[in-house]
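Let's start with one chain on its own, the form predicted on its own, as structure tokens.
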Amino acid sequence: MKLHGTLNSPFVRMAMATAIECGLASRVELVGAGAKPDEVNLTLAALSPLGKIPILETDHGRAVFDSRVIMEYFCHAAGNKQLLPDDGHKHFHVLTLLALAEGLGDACVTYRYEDFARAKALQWPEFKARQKTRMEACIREMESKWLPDLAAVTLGSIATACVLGYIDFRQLLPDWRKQHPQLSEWQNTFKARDAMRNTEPNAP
């Protein structure tokens, strides 16, 4: 299997970390690929009309996207029912936490594009402020309501750790750890896992 993307993306990282947690690391090749907001990556576009990372090419030659679907695919391929339990209540609870983390990631990457990729004269301050508000709200929710669930290793906790790592990597919210010490302590513990250490972002 080939996973297209870069570990600098929180979405690619959460997919690769899931592969490692599922015991599939030896079967998944990370193929370096980036997707700029204003350009079409022809290689990615040939695999998916969205042209976004990550995209997984399966052993059967099919393209699987986006990150949430890829993470579920890895669980299915490995027969792993711990990261995404079958039980209805637990299953959708994990998926809701995953959606929260993915939403935080969307706000983070959007903020990063607006702040870093767009010319200063063209930036929309109110739009940036809205993304920052979303980021802060998600982190508050994670600490106030989800810490018991984050104690288990699931697709939700993997995604949460990867997105919080991205916030640190890009220095998007310098004070989040000070403001949310319990979530910070959890993330410091979780990032010591092999799946996290082996998927650290690797470029500016």
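Only a predicted model underlies this, so the values are computations on that prediction, with no experimental measurement involved. Each residue number is its position in the shown sequence, starting from 1.
Quick note: we don't show the form predicted in complex with a small molecule, though the next part is all about it.
Only one of 5-13, 176-184, 192-200, 20-28 places residue heavy atoms within 4.5 angstroms of the small molecule in the predicted bound form, namely 5-13. Checking A35, I167, I139, L150 against the small molecule in the predicted bound form, a heavy atom within 4.5 Å turns up for just one residue: A35. At a distance threshold of 4.5 angstroms between non-hydrogen atoms, P54 is in contact with the small molecule in the predicted bound form. The small molecule is not drawn, but in the predicted bound form it has a heavy atom within 4.5 Å of D66. Although the partner is absent here, V109 is a contact residue: one of its heavy atoms lies within 4.5 angstroms of the small molecule in the predicted bound form.
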